[in-house]
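Just one chain follows, in the form predicted on its own, and it is written as structure tokens.
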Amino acid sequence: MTAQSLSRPLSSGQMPPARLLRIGATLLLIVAVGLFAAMAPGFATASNLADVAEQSTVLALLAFGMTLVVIAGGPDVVRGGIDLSLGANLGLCDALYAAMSNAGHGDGTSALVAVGAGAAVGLVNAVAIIRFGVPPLLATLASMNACAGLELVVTQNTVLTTDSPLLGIVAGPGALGLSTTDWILVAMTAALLLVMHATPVGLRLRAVGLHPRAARAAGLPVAAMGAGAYVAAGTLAGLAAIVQAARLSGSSPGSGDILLSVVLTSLLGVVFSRRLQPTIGGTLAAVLFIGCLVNGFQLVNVSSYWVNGIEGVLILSVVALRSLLQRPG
């Protein structure tokens, strides 16, 4: 059974496995929200749900980047698309923004350095993987270590606090009772959905990831599109760093710890999408699901360590289910 066949009925009246998984995941999300709403009266309020979205914005931007890489590179984590450097890239860009701001540079220059550094890391990954043929797992693992080391050089392993008009705007209130951070999430989601579903770029990226030989024969710039996905992921890490700097009032060590959540949401996102394929919408649903878990556990005074355990179980479950459903036969 192939990934493409997962959404087809196996026989009359029988539900396709992909649809069954999607319904099951949606029901799990509804049950989780219902339980937290019953156990924590303030959970289901509009203000708290807006806070969940705000707290999830950094994770969402990184997960969107991972999703683009997986779409363009294919779902095989060894030979396909993956970017393990996103968490460390976030930390490096955050540190650079704080250092530039503290050195007296304006918002524009500091933001340009942060986003440019993120894109540069993505470009290094692309060159290593596409030009020199280094497996993505190894190339991005090396980039992760390099970014983590450079972050320590910039920060001297200390917290860099900073403040600027830009960070004040990002962390401040926005229209319709939502924060500016919430609107950043809405805007980036809408932009990526538009690119992936209303322009030829989305279809071409999927063709490059799933059928690279056919895409090359059709004249598509396979290497350029694959490289573009890594650069886009790095750019999103730079943008996420500015949001994180606004939320934390600077740079704090340990940003790389978010990597597990990024991997989880990109994998879990396929369960919320059709045919078990990575999509921006599915990734957003997975991000909000994890955000609800974290927020719900906080409201019922359950240790956040449980979240890490649940994330690990979910990763193993999603990978096992996909492997089982895609097994030939």
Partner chain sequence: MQSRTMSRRALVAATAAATGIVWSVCAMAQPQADVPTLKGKRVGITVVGTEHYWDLRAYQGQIDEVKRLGGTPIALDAGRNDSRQIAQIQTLIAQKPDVIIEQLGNGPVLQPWLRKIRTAGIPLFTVDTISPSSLNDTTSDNYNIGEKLALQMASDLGGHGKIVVFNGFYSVPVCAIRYEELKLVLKAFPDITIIEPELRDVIPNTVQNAYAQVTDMLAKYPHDGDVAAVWSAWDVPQVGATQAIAAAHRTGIRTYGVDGSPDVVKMVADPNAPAGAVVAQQPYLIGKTAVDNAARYLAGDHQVPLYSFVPSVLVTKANAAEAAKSIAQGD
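Just so you know, these numbers come straight off a predicted model, no measurement behind them. Residue numbers count along the first chain shown, from 1.
Below, we refer to the form predicted together with the partner chain, which is not included among the displayed structures.
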- [ ] Examine P165 and determine whether its closest non-hydrogen atom to the partner chain in the model of the complex is within 4.5 angstroms.
- [x] no
TODO: Find out whether any non-hydrogen atom of V159 is located within 4.5 angstroms of the partner chain in the model of the complex, and reply yes or no.
DONE: yes
Open item on the list: Test of understanding: in the model of the complex, would R247 fall inside 4.5 Å of the partner chain by heavy atoms?
Closed with: yes
Task: Exercise: N295 in contact with the partner chain in the model of the complex, heavy atom 4.5 Å - done: yes
Task: Interface residue in the model of the complex among T189, T180, N102, S252, criterion: non-hydrogen atom within 4.5 angstroms of the partner chain - done: S252
Task: Proximity to the partner chain in the model of the complex (heavy atom, within 4.5 Å), stretch among 61 to 69, 271 to 279, 48 to 56, 22 to 30 - done: 48 to 56
